[in-house]
Every structure is written in C-alpha cells, then in structure tokens.
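In structure tokens, the next block holds one chain alone, the form predicted alone.
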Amino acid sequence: MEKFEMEMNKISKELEVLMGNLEEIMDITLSSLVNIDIMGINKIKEMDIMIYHKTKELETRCVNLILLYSPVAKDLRRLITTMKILMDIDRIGRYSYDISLFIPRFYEKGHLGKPEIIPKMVDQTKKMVRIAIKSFIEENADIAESLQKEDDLVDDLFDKLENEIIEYVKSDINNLERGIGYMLIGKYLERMADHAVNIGDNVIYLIKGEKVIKL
C-alpha cells in the first residue's frame, strides 16, 4: 500500500494548492466587484475553468485508487471524503464566477453607497474555506466543528445586507435593480459558506465515521 499512500499524499498537497486558488479567485472577484472592473470577469472565468478541470482530474485519480487498491475503513472514507470536498471546491469557484457576472450591472450607475458588508462577507467566507481545508489536511475534528459558528457570522452579515438594501430601495425605487444584485451576491456568498461547512462535516465523518446530523 506504499504507492497508495504516496498518491494520497500527492492528492492532499494538490488539494492545498486548490485552496490557494480559491482564495485567489475570491480576492479577484471582490476587487473586481468593489472597483467595478469588468476586465476582471475574464480572469475569474479562466480561474473557474481551471479549478473545475483540476477538481475533475483529482476526482478521477481518487476513483482510480479505489479501483486499483480496494481500500477499506478509513482509507476508503478518506477517498470518498476527498471526492465530496472536491465537489464543494468546484461549487465555490463557480459561485465566484457567478458573482462576477453582476459587475456590469453596476458599471453605468455605480454602487449604492460604499460596499462594506459584502467585502466582510467575502473575508469571512475565505476564512471559512481556510479553516475547512486546514481541518481536512490536519484531520482535526475540533477545527471542523468550529465552522458552524463561523457560518452564523455570515448569516448575520447577510441579514444586515438585506436590511441595508431594503432602506436603499425604500429611499429610491430606481435602486431596485442594483439592490437585487447585491442580494443575489449575498446569497451566493452564503452558499459558498455552506460549502465550507459541508467540507467540515465531511472531515468529521472521515475522522469519526459518523455523519453530522443537522437539527
């Protein structure tokens, strides 16, 4: 099983690189959104495609390991967990691209005030992605379990965003289109945070062999 361990270690290291790619695409997305830089959309799209193809490559390698070595117990759980995490990584990358598509909406009229809550949501979501991947690399259930409280902070920020947008629209109905754009961006960030929680839940399953039950 030495070759199996070597390949699993390679996959884990490449997973760490993907985490860095996720942080980069989220940084570019935030910068492009705040600065209304429509030129950034192409870069975000390229990175999203790269992340997609890399996740598919790693998924294939995980399947091949199952077929070649027929792992059992924790080794099998680790492969299954890795494939689930790769799906979450792919979705986080795709949501970054989806957010970038709203940038042209603000190009003509600019932002409603100064964007403050959305950058905070991006930073919190990035933090959650880092925690999630760290929990997987270190196989640390305690770190994984902390993600739920971190997710609550994202939910609180979304509530503040919602209230702020309502006030903007109340003051001027012409703010409605941009307001809806902000709300949808906030929703995408909420979903990205949810995927980070999913990664944590899968880490807990990997370590304890028990699925996390949501109440």
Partner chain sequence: MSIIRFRNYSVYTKDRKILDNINLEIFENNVNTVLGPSGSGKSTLVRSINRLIEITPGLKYDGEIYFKDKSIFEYQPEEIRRQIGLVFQQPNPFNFSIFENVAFGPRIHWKLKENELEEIVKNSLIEAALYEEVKDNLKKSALSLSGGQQQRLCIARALALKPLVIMMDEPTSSLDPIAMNKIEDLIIKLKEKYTIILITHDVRQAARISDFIAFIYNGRIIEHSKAEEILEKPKNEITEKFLTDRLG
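Positions refer to the first chain, counted from 1. These figures come from a predicted structure and were not determined experimentally.
There is another form of this protein, the form predicted in complex with the partner chain, and it is not shown here; the text below is about that form.
By the criterion of a heavy atom within 4.5 Å, N174 is excluded from the residues contacting the partner chain in the predicted complex.
In the predicted complex, the partner chain sits within 4.5 Å of a heavy atom belonging to Y69. Among residues of the shown chain, D75 is one whose heavy atoms approach the partner chain to within 4.5 Å in the predicted complex. Contact with the partner chain in the predicted complex, defined as any heavy atom within 4.5 Å, is confined among 75-83, 94-102, 130-138, 114-122 to 75-83. Contacts with the partner chain in the predicted complex, taken as any heavy atom within 4.5 Å, map to no residue of 89-116.
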